[in-house]
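One chain comes next, on its own, written as structure tokens: the form predicted on its own.
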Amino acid sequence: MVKQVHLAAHFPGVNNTTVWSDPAAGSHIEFDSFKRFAQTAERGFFDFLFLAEGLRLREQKGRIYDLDVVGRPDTFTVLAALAAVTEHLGLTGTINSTFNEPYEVARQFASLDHLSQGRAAWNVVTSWDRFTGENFRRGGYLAQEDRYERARTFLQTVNELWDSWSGVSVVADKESGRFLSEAGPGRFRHEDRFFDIEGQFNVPRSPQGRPVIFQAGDSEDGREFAAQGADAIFSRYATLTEGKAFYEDVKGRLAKYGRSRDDLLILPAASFVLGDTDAEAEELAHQVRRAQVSPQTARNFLEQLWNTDLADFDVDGPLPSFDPAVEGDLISKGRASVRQLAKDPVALANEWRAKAEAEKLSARDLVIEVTGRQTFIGAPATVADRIDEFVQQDVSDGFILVPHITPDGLAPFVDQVVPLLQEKGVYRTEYDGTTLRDNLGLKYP
């Protein structure tokens, strides 16, 4: 049976994925950018728009790291506004389970589901660093081993609140004076290690029953969390070998939770670069990568691994000959990737030196290589064939596309690749239903 391709669009936020210095780039804060981006995605029959989260401005050497896009509007405000200017597009927001409370998150997403008539989705994430936590009342108070335990009980509690209106509807019968079908909905009581709450949830059952649940973590705990209760995963494995391994691993975990393989969608983030020919696209992709990794960005990235001030380092030469500093505070704060770099920085530096020497790469070229995320590069027909191949081979169930130019970088894909996928019969020509669950083919709770 031929699988249908699912597509979504990620409006990139606080990072250097988007080339904000390009003359074609627009604002990352003004609503018109989000509106144009969302309406382009809807024109291409995409399943949803995806917003990530940044809870604190990143810093390097004690200063705001302004080589990335800096600043991000509030997720719920943006998504609620987009609900009014779109009709079918799903609205997926990343909201942290470490620093929020179940009642307010349940209320916000249930409200968004009502306002959008069944298009809300929540990407459940955790936060690991005390630096980000300083913005919140409790600070970075959770040990790493507790983050997913809190996330699990957080999601369980939110589901209980959403289900507290199950079987009760708003009838609003003016003649009889009866407003609800049953009396006393919304009562809840939840007590565990993290939450001890009791009260009455005040938002009626939303169109999807429960908004769609996404998960984005890649750790062992993250994969189990997704297999147990998520509807979809926002993963980083968009290549053939790694993608198939991740797909099989996570789908294989579903049975022990009484779930089928169709109950969880795997949707990796993927970038793209199009050209009139494959060769032209390759050349353009090279230019894009050098714009994304400027000399200053390369130098700052190396500082994150070496944990050392490299202000006078020449990135057009070889990598630093000395080893990274393994003690002391991290020179960069607020990036999740820094935690990975800090696990064994000396071993990673040696690995990079070997790669740079074997491939004759300068320090900047090496950074471009190891941070590259360009998944689909080529003429539109090449990209359409590749996407279809990956989905049919269970690399994923579709992709969340991240253009390097916002808000208009998505339009070439919609105009040139989507029609080719439709001709193949692997992509919709109209929306399947009225809710995000309808369009993703997910069960209703």
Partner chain sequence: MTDELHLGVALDGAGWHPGAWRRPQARPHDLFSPRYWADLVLEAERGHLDLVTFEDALNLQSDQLGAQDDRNDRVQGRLDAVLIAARVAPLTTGIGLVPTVIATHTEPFHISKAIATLDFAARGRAGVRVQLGLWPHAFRHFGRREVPAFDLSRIGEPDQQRLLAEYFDEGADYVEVVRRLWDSWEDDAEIRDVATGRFVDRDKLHYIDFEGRWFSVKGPSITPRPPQGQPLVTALGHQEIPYQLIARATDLGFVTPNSAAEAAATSSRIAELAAGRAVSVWADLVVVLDDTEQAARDRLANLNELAGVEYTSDAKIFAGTPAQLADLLQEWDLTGYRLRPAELPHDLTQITRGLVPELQRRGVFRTEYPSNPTLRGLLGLERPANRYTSA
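Since we're looking at a predicted model, the values are computed, not measured. Positions refer to the first chain, counted from 1.
Not on display, but discussed next: the form predicted together with its partner chain.
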Which single stretch, out of 354-362, 334-342, 180-188, 321-329, brings residue heavy atoms within 4.5 Å of its partner chain in the predicted bound form? 180-188
Counting only non-hydrogen atoms and a 4.5 angstroms cut-off, does Leu57 reach its partner chain in the predicted bound form? yes
Partner contact for Asn350 in the predicted bound form: its partner chain, 4.5 angstroms, heavy atom: no
Do Glu389 and its partner chain come within 4.5 Å of each other in the predicted bound form, heavy atoms counted? no
Flag Gly252 as yes or no: does it have a non-hydrogen atom within 4.5 angstroms of any non-hydrogen atom of its partner chain in the predicted bound form? no
Looking in the predicted bound form, is its partner chain within 4.5 angstroms of a heavy atom from every one of Trp306, Gly372 and Val414? no
Please tell me which of Lys244, His114, Arg259, Arg290 lies within 4.5 Å of its partner chain in the predicted bound form, judged by heavy atoms. His114
Of Gln144, Thr77, Thr277, Ser219, which one comes within 4.5 Å of its partner chain in the predicted bound form, counting heavy atoms only? Thr77
From first to last in sequence, which residues of 85-108 have any non-hydrogen atom within 4.5 angstroms of its partner chain in the predicted bound form? Val85, Phe99, Asn100, Glu101, Tyr103, Glu104, Arg107, Gln108
